[in-house]
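Form predicted alone, single chain, as structure tokens, below.
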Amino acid sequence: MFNLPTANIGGQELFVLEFGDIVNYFSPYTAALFIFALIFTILAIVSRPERQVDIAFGGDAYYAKEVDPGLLRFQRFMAIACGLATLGAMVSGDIFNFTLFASLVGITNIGIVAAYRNRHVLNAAFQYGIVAMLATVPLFGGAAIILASTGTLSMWELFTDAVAVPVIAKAFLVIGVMGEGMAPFYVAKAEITRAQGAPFILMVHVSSLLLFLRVIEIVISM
């Protein structure tokens, strides 16, 4: 029933995983991205950033940091949710589910950033939130154009030579994903590094990078 074209840039399909109407597939490319996302999601689950120290350069001294456990609990939840959304986006078999997971990654990234009670960080979260909300317009607009012009959102159909996807739809998808967390827009998130510890910033950057790699594979394959 599901057979990706062998000319697909992500490689030949390995197996399909169905959840009702949601159909995911693993190829060498998507499996590699999935494994990376899974590793960092597990790290977000098992890490204990409540015990942070600063090492003094050039000596044996170190300084213990005071970190609010309640704040980190919320950030850990958002980081895990971000990881799960990234896992879904990496193996999604249709454009609509991919855009849903991409927008969820943007929302959870805002949550990770906005958890800090720091004026500069909260300002950055506000700016990043505006960019992420605006980015949903081209993101879902690209999916709508694909559906209107081809009659399908299934990647098994869109990756064949028989279906021509408009260039504007591909451009909208890329712009939408960039707005959800990629450079140059994610410069607003750099403010989070001013916050004490910033232990979950890694998940923010990893999810953004993996999303971008996935959308590039989709756009080239269509």
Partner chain sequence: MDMTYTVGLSVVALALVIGFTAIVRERDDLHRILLTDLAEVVSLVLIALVATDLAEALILPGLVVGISELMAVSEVYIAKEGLQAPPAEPAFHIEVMDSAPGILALILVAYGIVLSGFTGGAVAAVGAVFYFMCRGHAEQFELIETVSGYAWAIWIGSFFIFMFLPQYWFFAVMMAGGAILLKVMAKMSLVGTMRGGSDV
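Basically, rigid core = biggest C-alpha set you can superpose within 1.5 Å across the two forms. Positions refer to the first chain, counted from 1. Bear in mind that the values here come from a model prediction, so they are computed numbers and not experimental data.
From this point on, the text means the form predicted together with its partner chain, which you will not see here.
Within 4.5 Å of any heavy atom of its partner chain in the predicted complex lies no heavy atom of Leu43. Though the partner is left out of this view, Phe15 does not reach within 4.5 Å of its partner chain in the predicted complex, counting heavy atoms only. Although the partner is absent here, Phe74 sits far enough away that none of its heavy atoms falls within 4.5 Å of its partner chain in the predicted complex. Proximity of Ser92 to its partner chain in the predicted complex falls outside the 4.5 Å heavy atom cutoff. Of the residues in 113-152, those that come within 4.5 Å of its partner chain in the predicted complex through at least one heavy atom are, in sequence order, Ala114, Arg117, Arg119, Leu122, Asn123, Ala125, Phe126, Gln127, Gly129, Ile130, Ala132, Met133, Leu134, Thr136, Val137, Phe140, Gly141, Ala144, Ile145, Leu147, Ala148, Ser149.
After superposing the rigid core, the C-alpha of Leu209 moves by less than 2 Å between this form and the one not shown.
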